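Each of two forms of one protein chain follows alone as C-alpha cells, named structure 1 and structure 2.
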Structure 1
C-alpha cells in the first residue's frame, strides 16, 4: 500500500507546481477533504485528479522510517548571534526554527494550526485575545512550560529596547504591558487596536516568537538546549554548522529522525552540488535565480510553498522630481509585461502582482473582476507621460541591492521604461550597503539608509501570513519602512478598517477600497509574489516548505 500510495501521490505532485503545492498543503496541515476540494477546484485541478488524491489519501499516511540524521544545508550562514527575538536573516531563522516552537503554526495555505497554544479567542471587537496553552509541555531543560514563559517571551518581543526585530510586526497591535497571565495555562493579549488577524502575529510567521523559558538567559540559545521542539541544539559553530539531537520528551511524541546536522553555505553552487552528490539531504531555501541546476534534476525534489514573498518598487512621492506625479508612477507600472517577467525570472513559481500588497494567496485579496489586473499598456503609459508634462521622458536612477533575481528585475524595468522615454540608470549595491545607515523612522525621519531614501528602488520583502505589516510599515503614513514616503488619509483609514475587520467579507470591503486607492496612486509597484522554494533528495519524506522559510522537521523522515 505504501509504495502504491507514494507512487500515485508522487505522480500527481510531479504534474506541476500547483498540484505539488496543493498536495503539500493538504498533507502538511491536514485540512479536511472539503477544503482540499475547494482549493483544488479553485486552482483548476480536474475532477479525476481530485478523486485520485482523495482515494489514495483515504487511508492514513505511510509510516515514516524511524532513525537517521538529516543533513541540512542552509544558505547563507547566520549573520549574527542566534538570539530568537533578534532574528532578521534567513540563516538565523532557519537555524532557530529546527529547535524552536511558537504558540501557533502557520502552515502552508496560511492555515493556523495549534502548536504550543490550543485555542485563541477574541473578545467582541478583537481588541483582546485569550490564549490557552497546551498542558504537559516541557522545555528541554526539564521545566514545564507555563503562562509566565509566554509572557516573558512576548514582553521581550515588544520591548523596543531589547533589540527585537518583531517590533514592526506588532506595531499598532501590541505594546509592552499588553501581555498578562490569567492562570498557569492562560495568557491574555490586550491590543492597542482591534486586530482580527492577531493570531497570525502569534504564529510562526513572526519567526522571532520562539517560546523560551521565563528565566532564559540572553545569549544562551545555542549553548543550552531550552526550547520545546522535537529537536534540541547540541552544538553550534558560527559560520560552519549546528547539530541537533532528538528531544525524547517532546510533547508531540517521537520525531522520526535521530537528529539533524546543519552545514552553512555561503555559496549556492556549493550547496547545490552537495545536494546532487548526496552530501546533504535538504537545502532550507533555494532560489530559481541562483539554484537553477536543481530544477529538473531527477535526483532532486523541489518543495514549494505558495506565499507572499515579493519585491517592492517604491517611488518617492515627496521629492521634487517627475515621480511626484501619480500619472508618471502609473505610466512606469504600465510599461511592465508582468506575465513575461514572471516567466523569465520564476518559470511557474510566482503569482503576478497588481501593485498592491494583497497577494493572490491572501483570502482577503479582491482580484478580478472587481479589481482589474494591471497589464502592459504602452499607449496609455505614453498618454499619462504626456499629461504629466513628460512626453519626452526624463532621467532617473534606480537604486537596489545585489540579492537573488533583483538585478535582473532592475534591468527589465530599465528596458521597460525606456519605451516611454525614461532614461533609467541603475545603482546596484551590495545588500549590506543598501541597508546600511540609520532608519529611525518618523517623526525623526527615515534616517539616511539608501533603501528608504532613494528616489526609486527595489527591495526584497519576506512572506507574511497577512498583509498587515506591508500596510502599516510600508504604506501607511509614517510607516517605518515607507520607502515611497507615501501618505494618504483615505488609504490609512481603509488599512485600519481592514486590520480590524473580523469577517472575510468585511476584510474584502476594506481591501477593495485600499487596493483601488493604491492603483490610482501607485506609490509602490508590486511586480510579483513568488513561492518559497526548498530542495531535497528523493529520500526526504514528510517535509513541506514553509512560506516564511522556517525549517520544520518534526514530521520529516529519511524514507
Structure 2
C-alpha cells in the first residue's frame, strides 16, 4: 500500500468508530473480501470507497433479449388478501415482490444493493440512520416518490394497530414517531436502541416494506398499479392468478419482459408438470421433498441460494402440560437424527440446525467448538423424561401445515419421539387454515390463529439476511410471532446486545451467550436451514434465486 493509498484509507478510518472498526477488522484478516463488502454495505460505505479499499473492478452483463411474457407458478396461493404490510406467507410475498420495490435490496452473499435508497449513513453508535432517496422515481400512478411516501409507508409498518407483520422485524428497533422527513429526498430513522444491522431491516429481507404512495388506500394494492417496480399488477384473482405488465417509466430503465403471468398452485406436482410441459416458465420456490421430478430433468434449470430458510418447531412453555418443563423439550430435541433428516429431505441442499436461529450462512454464527452441535442421544433423552416425571411418556398433538416437506418432517418427529414414549398425533392443515384467524401479537395475546397457539407445531420461516427477526419476533419476550410464548430476560439481554453490536467479535460474543441460553431452554427446535430453490425452463435468462423468496424479474428475460 503506497503513501497516497494509506492516507486515503486513514481518512476513511477517521470518519468515525464504525468505519474504523470495519477497516481494522478487515486488515487484521478477521474476515475475507466478501465479508468486508457485505459489512461495508450494511454501514453505508459507498461503492467507490469499497472499491478503493479492495482495489477491485466491476463486471459487465450481456444485453438480454427483449420481449415475451414470463409465466410463473407460485406455490401455495396467498393465504390472505394482498396487502404488503400484512404479508406473512410465501404466496403473498412472491405475488407482491414482482411489482414492489424496497429502499434497499439484499443480493447474493448477504450484500446490500441500493434500490429506492442511494445511501444510508449511521451516527456514531448506529442508533440513528440517515437515508438518501433516489431522485426521479415515479410510482405507477405517475406521481413522484418523495420522503413523504417513505415516512407514510414506514409509519404503517411500525404501527402496532395497523395489522403490520413487519413489527416482527422492527419491534425494539423502530417505533412510531421514529421516522422523519429531513427534505424531499432524505429520511431519518431514529431508533429505539442501537441497531448495527438496521439497513438489512430496510431491505427486501423485510418483505412487507414495499414503498407505496403516501395517499395509498388500504385494500387497493391489486386494483390500482401503484408501486415503483419494473412491472405493474393489472389483474388479480384470489386462488387463481395475477397478471403484470411492463412499467415503461420505471426508474431503472426498460425491463426485457413485456409482462408476467402468475398461476397459483396448491399442489406441487401440478406445478412441476406444468413446468416440464412448458405451460409455465418458472416456479418461484420448490423443495426437494415435493419437487424431485424437476431435479436432473434436462428441460429444467435449478436456481439455488445458500440462506437461512428453515422450519421452526415451537413448544409452548406456558401451558400446564409436559412441554412446560425444559427437560421434556430437550428430550424431544435429542430424539432427532439431524444428519439423517437433512439427507432424507434435502440431500445436499441444507445445513444441520442446532436449535438456535444462527444459521451457518451468518458470519456471526458461533458453532463448534464454542457451541457443540446437538446430536441424537436417546439415552439422555430418556433420562431427562424420567427426571421430569414422564418416564412412561405422554400424548400430545402436533399441528402444522401442508407446505413443502413439512408433513414428512412431522412424520419423522412423530416417529422419533415415540422412542421415548411420546404418543404424538398429527393435525396437518392447509396453509390457509394454519395461518387463519387473528394474529394480533402481544400485549393483547397471539390472536386465535393455529400457528401461534398450538402446544407444538411446525412453521415455515423464510430467509433473513441477519437473524434479528428470528430473535425479536420468534424468541424475545412478547415477540409478535413467538409461537412458543417463550420469555427469558437473560436471552432478551443477549439478543439486544447482539443487535446493537458493531464489531463482528462482539456479535459473536453475544450470539454465544444467546445460543447457550436457547440450548438450555429449548423453546424452539431448529432442525435445519435449507437452501432456497427455484426452477425454470432453460429459456429463462438473468434470474437469480433470492434466499428470501422474492421473485425479482426486472433483469430477467426469455432467451
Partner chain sequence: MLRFLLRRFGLALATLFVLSVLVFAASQLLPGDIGRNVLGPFASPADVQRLDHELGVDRPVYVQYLDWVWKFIHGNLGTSLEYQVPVASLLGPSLINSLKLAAVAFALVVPLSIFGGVFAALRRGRLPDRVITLTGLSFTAVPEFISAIVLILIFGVLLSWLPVTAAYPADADFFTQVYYLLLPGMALVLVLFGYIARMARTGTIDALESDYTRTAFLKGLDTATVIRRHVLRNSLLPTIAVIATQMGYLIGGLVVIEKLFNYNGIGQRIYTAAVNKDFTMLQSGVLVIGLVYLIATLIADILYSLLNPRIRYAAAE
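Positions refer to the first chain, counted from 1. Quick caveat, the model's predicted, so the values are computed rather than measured. Between two forms, the rigid core is defined as the largest C-alpha subset superposing within 1.5 Å.
Structure 2 is taken from the form predicted on its own, while structure 1 is not. Treated as two rigid bodies, the chain shows a rotation of the smaller part against the larger of 16° between structures 1 and 2, based on C-alpha superposition. We note a C-alpha movement of 7.4 Å at residue 397 between structures 1 and 2, with the rigid core held in register.
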